[in-house]
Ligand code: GAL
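First, one chain by itself in structure tokens, the form predicted on its own.
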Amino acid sequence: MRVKKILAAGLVLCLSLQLLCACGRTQKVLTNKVHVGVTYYDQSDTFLGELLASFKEQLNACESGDLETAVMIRDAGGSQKTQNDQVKELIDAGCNVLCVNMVDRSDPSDIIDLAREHDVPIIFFNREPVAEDMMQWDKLYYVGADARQSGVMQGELAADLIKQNSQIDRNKDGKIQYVVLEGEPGHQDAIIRTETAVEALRNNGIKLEKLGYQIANWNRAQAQNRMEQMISQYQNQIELVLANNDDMALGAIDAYKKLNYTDATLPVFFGIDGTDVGLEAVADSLLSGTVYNDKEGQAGAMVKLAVALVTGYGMDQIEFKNERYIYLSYFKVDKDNVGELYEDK
């Protein structure tokens, strides 16, 4: 099985940057050595692993005789202190631009102070710092996606399926009994994805009854454990599982498999992110749908911004929101279009 790679735009970008470096001799080049230091909150996060693989691929594709690229990647293992130390290590190792996926999005000040002291710009990604912190320095940027859009799309996917299939309402009470598997406490995407998914379902005329929710920290194994607890409590009442990401949706499916539930007694499951395993699950009709988080587009935006910040070329080609934010759009994935992203070998 394979996922189709969406790299054409990134390769065109890199060719353009190489031509700029080669031909724009009359302009001042800051440096043609782009040494990126990356630190991210936890290597167990499937989506981030795939995003960073795309980032490395697209950054390497930019290298030419006129442009040298290198990347150092560090896993913070869920510790903000470790991540702060990693930023110092990356700066000391000569990295001239940082890409940071915060452990604690509300606590970036130490990292910002270190980077500002050494004049190393920061591209935050995927876990957005609060707006006030983004204003601490003029060399702070963010690349990610609009969490509200993902929640709305997840809710719309679920509403469409419920309208098409009356069997989802197994007890025929005119309401859909649902549970939620949420990411970590306080994470802006977790909160917004949950609220907007439920809001979108209701806005589409679906009557709901919330049975419960569990925090599973974006993790498949934790989601399986938490889902087993909810199954024990609610038995066959659960008709819909909304998960803040694909890994947690797959963990919920794992729980039902472990307890030997038949297909006829399963609820419907929806995730977010469109990871490789998530797309496979949609193709195999295990997940009813997911919302694709454009990891290739985000990786490409990070590459483009990192190269522009270091070389001095390309900033005028980047479309920012509020001068320092880059957001990529989500899109819906279900059985009807999953083949555009995922196919058999």
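Keep in mind that this is a model prediction, so the values were computed, not measured. When you see a residue number, it is the position in the sequence shown, counting from 1.
Below, we refer to the form predicted together with the ligand, which is not included among the displayed structures.
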ask   = With the partner left out here, if you bring back the ligand in the predicted complex, are S288, Y292 and D334 all within 4.5 Å of it by some heavy atom?
value = no
Would N126 count as a contact of the ligand in the predicted complex, using a 4.5 angstroms cut-off between non-hydrogen atoms? yes
- Given that the partner is absent here, does H187 sit within 4.5 Å of the ligand in the predicted complex, heavy atoms only? yes
If you check in the predicted complex, is Y313 within 4.5 Å of the ligand, heavy atoms only?
no
Can you tell me if W218 lies within 4.5 angstroms of the ligand in the predicted complex, counting non-hydrogen atoms only? yes
Among L48, A281, L59, A308, just one has a heavy atom within 4.5 Å of the ligand in the predicted complex, namely L48
Only one of 40-48, 299-307, 315-323, 65-73 sits within 4.5 Å of the ligand in the predicted complex by heavy atom distance, namely 40-48
In sequence order, the residues of 261-291 that place a heavy atom within 4.5 Å of the ligand in the predicted complex are D273
